[in-house]
Ligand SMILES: Nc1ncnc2c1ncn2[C@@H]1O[C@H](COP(=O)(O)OP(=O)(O)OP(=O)(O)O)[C@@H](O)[C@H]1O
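So this first bit is one chain, no partners, the form predicted on its own, shown in structure tokens.
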Amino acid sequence: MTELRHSNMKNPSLQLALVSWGWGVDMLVGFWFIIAYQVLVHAFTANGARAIVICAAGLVVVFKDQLIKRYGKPSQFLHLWSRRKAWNRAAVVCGLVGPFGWKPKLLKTIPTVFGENLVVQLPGGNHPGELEELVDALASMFQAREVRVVRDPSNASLAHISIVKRDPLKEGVFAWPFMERQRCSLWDPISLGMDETGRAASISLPERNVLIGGEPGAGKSVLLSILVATAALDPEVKLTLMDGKLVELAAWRGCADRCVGPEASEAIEVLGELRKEMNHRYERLLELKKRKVERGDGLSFHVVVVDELAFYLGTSDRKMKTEMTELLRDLVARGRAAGIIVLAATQKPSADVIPTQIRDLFSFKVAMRCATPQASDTVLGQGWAAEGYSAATIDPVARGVGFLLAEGGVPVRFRSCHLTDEHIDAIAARAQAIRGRT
């Protein structure tokens, strides 16, 4: 298609003919309707023609449900008809025309909060990658801020084209759905916010660890608080806090079983105790003949929160740094099946602070606003920035916006729910009450 594309773009007569054909179809339908009515008038008189039209309308009403099921509502049909004309013009202008005038066919349109999704079927021998080369041209044709192309996972001939008219994450504050809950369960999905398609961005923590990175003021602390709040509102969950600055997790100290400050020796001691607990849990699983912690087996989750990971892994004492790195790596690597979940955050995402051997063990990674593409890749993984998923592109004033990378997927741009200090204090007080620590 590439060679044909360039030749077609240099052939204005072909473009004019195809665009004219698109408009001519509408005129042709109207013309034949008038002709058909005149034929009916001539054959059956004016009253007879009107009677036939009324009967046809009656049949449409009688078989309305069947027609809607097959063709959609009239408004939907007309909208699809209109969008097909617009798509055909865009396909011609952008050169997406093959032999005999073949071009990608618009099958379906789906309204979204940011614009519209188009489902397009490509002619045989073509693939969605050819559309990706023309996203800027298509965005210009549809007067959109950007156009994205995704291949249908079940059919290589289908492409999903997102026409983004506006940024749904730029404005608005999203309230946390669990704000008024009296209790939570860590077995259930946790709502983090909303993605740019208007759907809830959520994760499930069992057998998962989470790494959050971003520059100061990007919204990292609020996102971490959402996860800690959910764990604190589950009275069966044990909670260990490691707070290098003492103040970031201060609101949750009353809910925690153990708190660690900036002392590296204390952090190493607690990580060593957690390793022993992890080994005991695996011995218990062996007795139960199970491979992992499951709901109802009596083994509760133990959530370990490490705020400012860079502080703990950046200690000047080389021996202590090596020991702490190894203990944390072992906990993240082996702890999830034993019900130990690590939530780590840092405002200095750099390769010398977060070793690759630790970063790659985290199932979920969240990159809030970062200063550079390299810092974004330090959190999400090497190469994502080059693919267009760079937290350095996030507007500095867009607090709470970031990229969420789930296990085995691609980064999803989202905006986290908003929690004020007053909200956090109220949730923490409620959590302390259900844990019997008031």
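Residue positions are given as counts along the sequence shown, with the first one as 1. A quick note: this is a predicted structure, and the numbers were derived from the prediction, not measured.
The same protein has a further form, the form predicted in complex with the named molecule, not shown here; the description that follows concerns it.
Asks: Even though the named molecule is not shown here, does residue 245 get within 4.5 Å of it in the predicted complex, heavy atoms only?
Replies: The answer is yes: residue 245 has a heavy atom within 4.5 Å of the named molecule.
Asks: Do residue 347 and the named molecule share at least one heavy atom pair within 4.5 Å in the predicted complex?
Replies: Output for residue 347 is yes: heavy atoms within 4.5 Å of the named molecule.
Asks: Look up in the predicted complex whether residue 423 has a non-hydrogen atom within 4.5 angstroms of the named molecule, and give yes or no.
Replies: Taking the distances in the predicted complex, the answer for residue 423 is no, it never comes within 4.5 Å of the named molecule.
Asks: If we define contact as a non-hydrogen atom of the residue within 4.5 angstroms of the partner, is residue 339 a contact of the named molecule in the predicted complex?
Replies: Because no heavy atom of residue 339 falls inside 4.5 Å of the named molecule in the predicted complex, the answer is no.
Asks: Let me know the one among 129, 189, 216, 272 whose heavy atoms come within 4.5 Å of the named molecule in the predicted complex, would you?
Replies: Looking at 129, 189, 216, 272 one by one, just 216 meets the 4.5 Å heavy-atom criterion.
Asks: Go through 231, 194, 222, 92 and name the one with a heavy atom inside 4.5 Å of the named molecule in the predicted complex.
Replies: The residue in contact is 222.
Asks: Pick the stretch from 325-333, 201-209, 245-253, 296-304 whose residues have a heavy atom within 4.5 Å of the named molecule in the predicted complex.
Replies: Stretch with heavy atoms near the partner: 245-253.
Asks: Going through 370-405, which residues have a heavy atom within 4.5 Å of the named molecule in the predicted complex? Please give them in sequence order.
Replies: If the 4.5 Å heavy-atom criterion is applied to the named molecule in the predicted complex, 370-405 yields 399, 400.
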